[in-house]
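First, one chain by itself in structure tokens, the form predicted alone.
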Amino acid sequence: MLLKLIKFAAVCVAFIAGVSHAAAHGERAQEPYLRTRTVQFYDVHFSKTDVKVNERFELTGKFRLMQDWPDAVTPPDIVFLSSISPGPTIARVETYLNGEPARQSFAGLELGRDYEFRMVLEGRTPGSSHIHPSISIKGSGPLVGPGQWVNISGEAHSFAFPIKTMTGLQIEDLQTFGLAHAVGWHLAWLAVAAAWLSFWLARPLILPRWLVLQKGREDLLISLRDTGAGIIVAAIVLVMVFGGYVRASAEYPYNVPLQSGLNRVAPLPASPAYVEIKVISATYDVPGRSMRLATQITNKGSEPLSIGELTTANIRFLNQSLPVAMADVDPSYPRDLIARTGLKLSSDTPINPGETKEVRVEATDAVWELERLVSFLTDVDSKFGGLLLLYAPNGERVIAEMGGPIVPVFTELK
């Protein structure tokens, strides 16, 4: 027996010792249809990637709710904008969606439309933290944007979150505000519970009471003393509840309840439909780690347009021969989400106004494998989605949604 206990303890110690630090949030475990056809983040910018404890930085960007929303995912009827970090390493100070405060969830967001967000964050726990913007969909869960490593330096104990309430009360540190009250109330309730439990534990317990029940003398189970003790405890509980309420109301006469309503916000103004994209065929070459698209692109605008980028699942495939596309990459954008090999096109010549042109688009990179986006074969919905970014000579950018069924192949198609 002792030997078994030692073995069990050894297994537990080995398991605990073998647990490594989790540095990501499982975004790579999400299926490709979920990451390519729901929310496409773009123009994401981190104002700083090295901050100190108590130092603020901003996370800004835009996202599009894809028109071809997968049937297997709950529609974004109710969403909540937030950030994701590995534990409480940052504090979220302010959040805005299209310039409106985003303290609550939003309803009525439209598919096929764009939204702009801004978050003010503050370093809290020293270390290197992987920070994402996040859109949580009721019924589906969070969908994360590109994650960036943010280094937080300083001492954890120096963090403080001071605020000033609407009534003028200055709170020096919100994370410890009211802590003594909370501890005191917990101790008070624990004392009442312990007294009540001790009262019954001091009396005959299971076997004697079972014998009484067997003899049909339930009347002996509850004595007058028991009834009196019950009344006293009930009175104490009522006094504590109502007394606590009266005391809290007197100390804090003005308070705001938790906000549970929904906000509504209009999307960003719709861009003119300058471009129409038809995906003729789409394949994913599994051994070649390459997505190949045969597209038919129609320029309905008044300026010639050049293809500059394909972005999907936060991965950016850039046309490296187009300077304006390369210049559009924010220095703070995660480098691991930019495909090194870029975007290859069958034709680099611009698409003239009114022209319809067939273009083969090839996005080849190991990042498909690294980001675990290669499971199109086993996906319940073998379709893809993404945004194609085109540029006019004057630098104007046109964003067009594209997508459709995709077929995995194991040899290069000629």
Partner chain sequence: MNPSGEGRVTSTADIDAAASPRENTRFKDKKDETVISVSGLTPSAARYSRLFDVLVVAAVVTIFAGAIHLHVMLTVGDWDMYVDWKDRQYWPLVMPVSMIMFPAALQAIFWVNFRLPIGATVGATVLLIATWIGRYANWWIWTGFPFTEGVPSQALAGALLMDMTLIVLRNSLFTSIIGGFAFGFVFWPSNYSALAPFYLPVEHQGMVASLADMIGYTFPRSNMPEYLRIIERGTLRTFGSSVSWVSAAFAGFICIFMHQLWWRLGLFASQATFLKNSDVVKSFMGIKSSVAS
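Predicted model, so just to flag it, every value in this text is computed and none were measured. Positions refer to the first chain, counted from 1. Take the two forms, find the largest set of C-alpha atoms that superpose within 1.5 Å, and that set is the rigid core.
In what follows, reference is made to the form predicted together with its partner chain, a form of this protein that is not presented.
Of the residues S302, S158, S153, T165, just one reaches its partner chain in the model of the complex with a heavy atom at 4.5 Å or closer; this is T165. L197 is the sole member of L197, A273, A72, A327 with a non-hydrogen atom within 4.5 Å of its partner chain in the model of the complex. Its partner chain in the model of the complex comes within 4.5 Å of no heavy atom belonging to S281. Within this chain, D285 is remote from the site of its partner chain in the model of the complex, having no heavy atom within 4.5 Å. Its partner chain in the model of the complex comes within 4.5 Å of a heavy atom belonging to I137. At least one heavy atom of T95 is located within 4.5 Å of its partner chain in the model of the complex. Heavy atoms within 4.5 Å of its partner chain in the model of the complex are found in exactly one of 315-323, 338-346, 294-302, 85-93, that being 85-93. In the model of the complex, the residues of 198-215 lying within 4.5 Å of its partner chain by at least one heavy atom are, in order, W200, L201, A202, R203, P204, L205, I206, L207, P208, R209, W210, L211, V212, L213, K215. Relative to the superposed core, R118 shifts its CA atom by less than 2 Å between this form and the one not shown. In the core-superposed comparison between this form and the one not shown, the C-alpha atom of D330 has shifted by less than 2 angstroms.
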